[in-house]
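One chain comes next, on its own, written as structure tokens: the form predicted alone.
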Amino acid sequence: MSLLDTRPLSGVLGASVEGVDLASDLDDDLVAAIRAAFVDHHVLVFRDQDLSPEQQMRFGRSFGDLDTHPFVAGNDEFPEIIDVITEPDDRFTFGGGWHTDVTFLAEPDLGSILYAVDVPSGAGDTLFANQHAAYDALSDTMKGMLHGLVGLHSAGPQYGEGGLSTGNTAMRTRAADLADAVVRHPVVRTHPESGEKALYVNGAFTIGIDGLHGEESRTLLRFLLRHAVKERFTCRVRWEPGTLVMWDNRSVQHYALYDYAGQRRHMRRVTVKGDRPV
């Protein structure tokens, strides 16, 4: 019998996990089962959790070392935690727009673990898109063309001077002068645990494709970015206080919807360190 009771969220990714109390000490077999489900479903949803910051960090450390964000200040007591807050007078939300977390790092995070503290009623959902499915749907000719191409990633558009993610009043950003550094990742990466291939470009941090002329790069990126988030590759998660969602940054993009202007939203995020994409 499986250690986990999982229920699919859609036909292509995501699962709700029933009957697990993440505040308790999880034994090795249960952690292994969660990790296997994480790799298989890419997005896991745990509802009705009551987690302190310390308990959320302990759960995150079950999957690896926790990371700190180079451009967003963490919680004063727990720097590994980012309090993702949208105040009623903010004009946009942190994490809006399709993206994969921190691909501007040489070793982007393995996954993110987000816990809902205070959410608007019936709003503020998060969309996820399966990048394995997006890759598989490409023609063999396009797949052949993409293999060997290298994407250029930078935090500059989001965290540089005047970047899009620096205008949220509740989030404290820093080190904008370092945000324009560029790192190189394959346009198609191989998942280190499943061996599956996935598209690995995103609209927030991928600024070009190495070796292509400007218009060539922009044209190919426009196609890939639109293709990667088509509806048939997605699922949608509705938040309630006490919901925890973990997603695999190696295989998904996500989009935090901002349909709750005038209301407050408070989430707690920890991320698990990853490896260099290949």
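Note that residue numbering follows the sequence shown and begins at 1. Note that the coordinates shown come from a computational prediction; the quantities given were computed from them, not determined experimentally.
What comes next is about the form predicted in complex with a small molecule, which is not displayed.
Site residues Asp101, Thr126 and Arg269 are all in contact with the small molecule in the predicted bound form, judged by any heavy atom within 4.5 Å. Residue contact with the small molecule in the predicted bound form: Tyr135 places no heavy atom within 4.5 Å of it. The small molecule in the predicted bound form is approached by Phe94, whose closest heavy atom lies within 4.5 angstroms of it.
Taking non-hydrogen atoms only, Trp247 approaches the small molecule to within 4.5 angstroms in the predicted bound form. In the predicted bound form, the small molecule lies farther than 4.5 Å from every heavy atom of Leu105. In summary, among the residues Leu22, Val17, Ala256, Val12, the only one with a non-hydrogen atom within 4.5 Å of the small molecule in the predicted bound form is Ala256. Checked against the small molecule in the predicted bound form, the candidates Leu110, Ile81, Val188, Val84 yield a single residue with a heavy atom inside 4.5 Å, and that residue is Val84.
Heavy atoms within 4.5 Å of the small molecule in the predicted bound form map, among the stretches 58 to 66, 248 to 256, 39 to 47, 26 to 34, onto 248 to 256 alone.
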